[in-house]
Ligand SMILES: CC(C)(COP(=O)(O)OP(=O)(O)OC[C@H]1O[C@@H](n2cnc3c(N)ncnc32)[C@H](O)[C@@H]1OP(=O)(O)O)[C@@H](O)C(=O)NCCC(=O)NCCS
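The chain below stands alone and is given as structure tokens, in the form predicted on its own.
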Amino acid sequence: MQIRQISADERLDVVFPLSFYAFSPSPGTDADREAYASRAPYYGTVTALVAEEEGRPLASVTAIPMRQNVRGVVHDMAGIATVVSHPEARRKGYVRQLLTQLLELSREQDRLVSALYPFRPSFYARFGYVGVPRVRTAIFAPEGLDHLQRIELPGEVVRLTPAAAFAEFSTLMHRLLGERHGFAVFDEVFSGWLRDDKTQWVALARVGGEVVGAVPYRVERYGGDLVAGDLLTTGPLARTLLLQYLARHVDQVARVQVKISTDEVPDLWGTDLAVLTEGRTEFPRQGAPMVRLLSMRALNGLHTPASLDVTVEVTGDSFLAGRYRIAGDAGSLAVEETKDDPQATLTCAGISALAYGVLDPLEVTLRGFGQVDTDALEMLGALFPKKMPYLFADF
């Protein structure tokens, strides 16, 4: 078996047969192949590896260049996708070798963090990944927001095609990238698929000529569902403008489905709003995302309320292994290597869980992600207070 990096032009012949068999009804048609070929321009900046035997592709992995906010600091990120293998090549360790090499390449490209959507979390846990919350879905009848149609709000909502909305949508995405912990965006090349998508609309909320909110959506049928993507807002006014817009579909659709972050509380959107808020994970189709640090340098500059320091040892991971002094000063973290005795021993998943704010230090130990001295529990908790990330990008 040999591993090599492939170009975007090779994806059609090398990756398509593998990924289509893995993720789509198969066997495919010529139309399916043409549809896949049309996406080639978006893959010009991705890093893709393939495992071959005698020139025959057997497995492949891809890293999409992205950027992500981690506790107020925006890092370059490797979005792992299209992890696929031929049925005859499964359970042979090919994906493990490919993914290990892909993460090494991502570090060389100075990508300090990584995220993915797993087909099985336990598989990626072996690579140091830890789970973060999946976005929720709010499902409600639009008449539950009828009260919003009777109020006057400053601002407007316009319906545009993705192509027409793309410039303003991108501006909003990069604003939220700087403001929202966990938020992630694609690079300019890969995000072109959002611009060229012809299967949905984009509702843009503007106040004073500035875009403050957006939600992509499609109407499945008259009397059916309006299915929306993430409700992306900069605050309550933007949210209310978009909800008011959705309410105007009351005589057109029976239900609205919209994705929301874990800090949204839809049952408080209206007095008589009957809403089902659902956070569903199931495998292999709807796994919650997973994240990991690719370098301890990712901790530098992260926002923290504490002014103290603690020494930790990271074990079991070739990228992060070592002893480090992590200190909070003037509202931000700094990390440096040290030879001091550690007050905590953590796995990659353990330190990643603390950095992303999904587990507190005691939970880290209870999950088996490390051992923390009693006095260090409080210090690590102060340096890394729980803070649920909103991983917007769905790849």
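We number the residues from 1 along the sequence you see. All values derive from a computational prediction rather than experimental measurement.
Just so it is clear, the following notes concern the form predicted in complex with the named molecule, a form of the same protein that is not shown.
Heavy atoms within 4.5 Å of the named molecule in the predicted bound form map, among the stretches 160-168, 270-278, 208-216, 78-86, onto 78-86 alone. In the predicted bound form, the named molecule sits within 4.5 Å of a heavy atom of Arg120. At the 4.5 Å threshold, heavy atoms of Leu204 stay clear of the named molecule in the predicted bound form, well away from it. Though the partner is left out of this view, His303 does not reach within 4.5 Å of the named molecule in the predicted bound form, counting heavy atoms only.
Put simply, Gly93 is close to the named molecule in the predicted bound form: some heavy atom of it is within 4.5 Å. For the options Phe186, Phe140, Tyr124, Tyr324, the residue carrying a heavy atom within 4.5 angstroms of the named molecule in the predicted bound form is Tyr124.
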